[in-house]
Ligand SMILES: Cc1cc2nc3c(=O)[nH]c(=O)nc-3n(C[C@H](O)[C@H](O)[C@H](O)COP(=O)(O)OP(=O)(O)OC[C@H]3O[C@@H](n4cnc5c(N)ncnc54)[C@H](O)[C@@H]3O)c2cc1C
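Shown below, as structure tokens, is a lone chain in the form predicted alone; questions about how it binds or moves come after it.
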């Protein structure tokens, strides 16, 4: 099987780079072993918690950070590219590269965000809101949505909050098991007449509030689910993030995958790369578990398998390693130095990842693999938790590598 580019990993990084390459006419395949971290997406993407203005100085104090390998002038363009990718996939985003906005976490905290799905409630700054009062609608028996915490966060914005509860007969089957009463299952239930009955019950709860806030449980049963609810309720309706698996994240995964395939990309799900052939400093071919007799051959390869969560990086009591290609992982340090004693401190292991050169080519035994790129959270040098840069690193490096591959192709 021959392609221009083969991408290992079907999460956000793999799909973004794959879409950009396929849109330019490249023959692209994505090999994905299973579910990605997108399934737990909060609906928002962070770039840098201190704001975009601080990104340009990262190279001065952290030359190993992935952002240090990206031209800061490209950030605004990458923002618009990202919004275009998601808009084409039917998921508009709000936000800009000029300044962070505030998103609402499932526990009611207000955190800076770069881009957010437009169905989610967001704010320009603390105390700046277009809303006066809000009714927060809880669902009977649904434990992954915390209206009291959310109300506390909204009260910091000066909103008057009212909490009211709704029930629906169609949820009774799910309510019999706490493991079934999840956002994804609720979302799949909300279609047709149950969706419209839900909307009517929400409408009956609204008094003089100018915002209705619901848990993010829409889009899998009926694509226009939230818009239909808003039309029936007759007020502005937004959603807030839930914990556990995310209905928005599952929808995001599906729509980006569909967008990639509509451009001619080949998505090979449920398979994993188990080996490769390397000739000097280039990958010649890949082998997968489900295609033992066939080789996957390409001019370029992109590794987008994630960090510890996606098993792109694996830790044992003795070592941290990259399990597919045996790439160099940095930094190397004694186990007792992997973590800080205080759980609230920056944890060194967060910055573990594969070593790359300035163009994001990884290395094996210190030697650059010329036709291989690494993108996303598998890269070393970033602390997504403390720096608030997780999705930004994923998206920006994915777009940078896609851009470089296309530039070399057309030389």
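Just so you know, these numbers come straight off a predicted model, no measurement behind them. Residue numbers count along the first chain shown, from 1.
Below, we refer to the form predicted in complex with the named molecule, which is not included among the displayed structures.
Using a 4.5 Å heavy atom cutoff, none of 69, 354 and 405 lies near the named molecule in the predicted bound form. In the predicted bound form, at least one heavy atom of residue 394 sits within 4.5 Å of a heavy atom of the named molecule. Under a 4.5 angstroms non-hydrogen atom cutoff, the named molecule in the predicted bound form has residue 271 among its neighbouring residues. Shown alone here, residue 349 lies farther than 4.5 Å from the named molecule in the predicted bound form, counting heavy atoms only. The named molecule in the predicted bound form comes within 4.5 Å of no heavy atom belonging to residue 28. A single residue from the set 306, 147, 249, 95 has any heavy atom within 4.5 angstroms of the named molecule in the predicted bound form; that residue is 306. Comment: the named molecule is not present in this chain, but in the predicted bound form one of 153, 310, 265, 225 has a heavy atom within 4.5 Å of it, namely 310.
Checking 356 to 364, 60 to 68, 29 to 37, 339 to 347 against the named molecule in the predicted bound form, the stretch whose residues place heavy atoms within 4.5 Å of it is 29 to 37. Taking the named molecule as positioned in the predicted bound form, the residues of 6 to 20 that bring a heavy atom within 4.5 Å of it are, in sequence order, 8, 9, 10, 11, 12, 13, 14.
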